[in-house]
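Given next, in structure tokens, is a single chain: the form predicted on its own.
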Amino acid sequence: MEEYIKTGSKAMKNVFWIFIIAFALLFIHNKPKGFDMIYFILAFPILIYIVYYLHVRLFPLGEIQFVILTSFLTEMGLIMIYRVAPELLIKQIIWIGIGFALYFITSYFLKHYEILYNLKYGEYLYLLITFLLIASTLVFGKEIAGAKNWLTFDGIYVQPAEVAKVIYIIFLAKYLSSKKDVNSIGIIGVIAIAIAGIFALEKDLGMAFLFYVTTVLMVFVVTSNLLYTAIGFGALVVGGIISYFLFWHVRVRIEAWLNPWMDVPGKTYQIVQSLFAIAAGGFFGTGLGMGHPEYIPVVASDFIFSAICEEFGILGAIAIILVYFVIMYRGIKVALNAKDEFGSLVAVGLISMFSLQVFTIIGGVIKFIPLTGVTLPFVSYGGSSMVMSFVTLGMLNGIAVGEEQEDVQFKAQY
């Protein structure tokens, strides 16, 4: 255990020095505006050290790697947010603090995740909550950046779909752990299509993709039936074709993906600026503070990966991607070690949704797939996404802690 803590401490020191050096360079390039911002910036390395040692003390059998890896990702996000939109920095640090707090709370309660399974008629309650959250923006939502997926409360913007992701996965895990017949799988398919349809009406293609593909993957994990999987992805292709002809915004996204040069000053401006930024960065990057990420629209949220590519280069981008791969690996390991099918399915669903979100946004900004409006977990600016990303890893950590505690108790008895 001491060696384990020592290794983690070395990793946290590296995270600390990356943060300090990066902000020192940015302060040289552009003097900080006011002491309040400096205080908040200095509060972040203190926060992550406190979180690390609390995790070691409270969850010695948990996934401490989650804290180290998310500390690195959040600091990279803060560096780039200060670079392109310094007025958002303090808000982002506050969201990170709230996220870490919810990580610990979720980890504590999810040690006993079987309560979620034992709730009578729980699957119907989870499904009802999912639909209410998703449909709320269709009725009461505000359209921002072309998608009607936000609720506003006194100037605070909330994205209910971020909460719905977690609730929907709990529903799928409970339902599929007890019902695996053809009729039940058909019902799941209808539900997934209905949810994707609501998101299509809200013009939120990213969420439609995440919910639907996560459903197909979870059905495959449960049944190992390639026919179901083929039908699921076939329906995705058919749905995409129908959406192309029905919805103007889908046509714009597809056409911009196929030919980004067709209307550079207009419809394809975002993706073209993203590609220019990535090309300008090259292999080693232009250097922190030396690029022009401000030319990219919505750079603090949707296109922050393009800004990282420009100033940190392909090497920096690969480092970010590798960190995500390690998180995915740890999530899969939690799923494999879960003590029952329900816990395993919850972990599979959470890490699948998380991984798909990373793939969707990175694939979109590099023009590998059509662009969608999801955020890069832990890096992009945004409160709802940041908080729920921490909740996702907190749930995975709670499942891991519960499993390890049972193993320790079993070994102690025998």
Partner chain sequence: MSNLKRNIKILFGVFAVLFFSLIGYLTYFQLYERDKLITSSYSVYNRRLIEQEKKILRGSILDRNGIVLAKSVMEADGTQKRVYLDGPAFAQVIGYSRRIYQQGNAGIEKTYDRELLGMVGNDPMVLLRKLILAKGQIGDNVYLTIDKTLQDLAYREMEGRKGAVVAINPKTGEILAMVSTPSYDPNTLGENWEKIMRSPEHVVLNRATQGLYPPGSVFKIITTAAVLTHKPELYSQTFDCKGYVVVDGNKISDFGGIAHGKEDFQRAFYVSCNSFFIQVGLDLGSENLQKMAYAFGLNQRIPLETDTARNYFPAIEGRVALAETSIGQGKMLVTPLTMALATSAVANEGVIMKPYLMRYVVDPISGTVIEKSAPTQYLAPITKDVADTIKQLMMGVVNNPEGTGRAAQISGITVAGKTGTAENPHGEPHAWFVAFAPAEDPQVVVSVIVENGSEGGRVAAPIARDIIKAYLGK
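Numbering follows the first chain given and starts at 1. The structure presented is a predicted model; accordingly, all values stated were derived computationally and were not measured.
Although it is not shown, the form predicted together with its partner chain is what the next lines describe.
Task: Every residue of Asp36, Leu47 and Gly189 near its partner chain in the model of the complex, heavy atom within 4.5 Å - done: Not one of the three qualifies.
Task: Stretch in contact in the model of the complex with its partner chain, which is absent here, among 132 to 140, 195 to 203, 117 to 125, 270 to 278 (heavy atoms within 4.5 Å) - done: Checking each option against the 4.5 Å cut-off leaves 270 to 278.
Task: Of Gln159, Ser344, Ser243, Thr106, the one that lies within 4.5 Å of its partner chain in the model of the complex (heavy atoms) - done: The option sitting close enough to the partner is Ser344.
Open item on the list: If the cut-off is 4.5 angstroms on heavy atoms, which of these, Val51, Val387, Val358, Ile41, is the one near its partner chain in the model of the complex?
Closed with: So the residue touching its partner chain in the model of the complex, by this definition, is Val358.
Open item on the list: My question is simply whether Asp302 lines the interface with its partner chain in the model of the complex - judged by any non-hydrogen atom within 4.5 Å.
Closed with: No, Asp302 sits far enough from its partner chain in the model of the complex that none of its heavy atoms falls within 4.5 Å.
Task: Contact of Leu371 with its partner chain in the model of the complex (heavy atom, 4.5 Å) - done: It does not: once its partner chain is placed as it appears in the model of the complex, Leu371 has no heavy atom within 4.5 Å of it.
- [ ] Look up in the model of the complex whether Pro265 has a non-hydrogen atom within 4.5 angstroms of its partner chain, and give yes or no.
- [x] Yes - in the model of the complex, heavy atoms of Pro265 and its partner chain come within 4.5 Å of each other.
TODO: With heavy atoms only and a cut-off of 4.5 Å, decide whether Ser352 touches its partner chain in the model of the complex.
DONE: Although its partner chain is absent here, Ser352 would touch it in the model of the complex, with heavy atoms inside 4.5 Å.
TODO: Within 4.5 Å of its partner chain in the model of the complex, which residues of 324 to 363 have a heavy atom? Give them in sequence order, or say none.
DONE: Counting only heavy atoms within 4.5 Å of its partner chain in the model of the complex, the contacting residues of 324 to 363 are Tyr324, Phe325, Met328, Tyr329, Ile332, Ala335, Leu336, Ala338, Asp340, Glu341, Ser344, Leu345, Val348, Ser352, Ser355, Leu356, Val358, Phe359, Ile362, Gly363.
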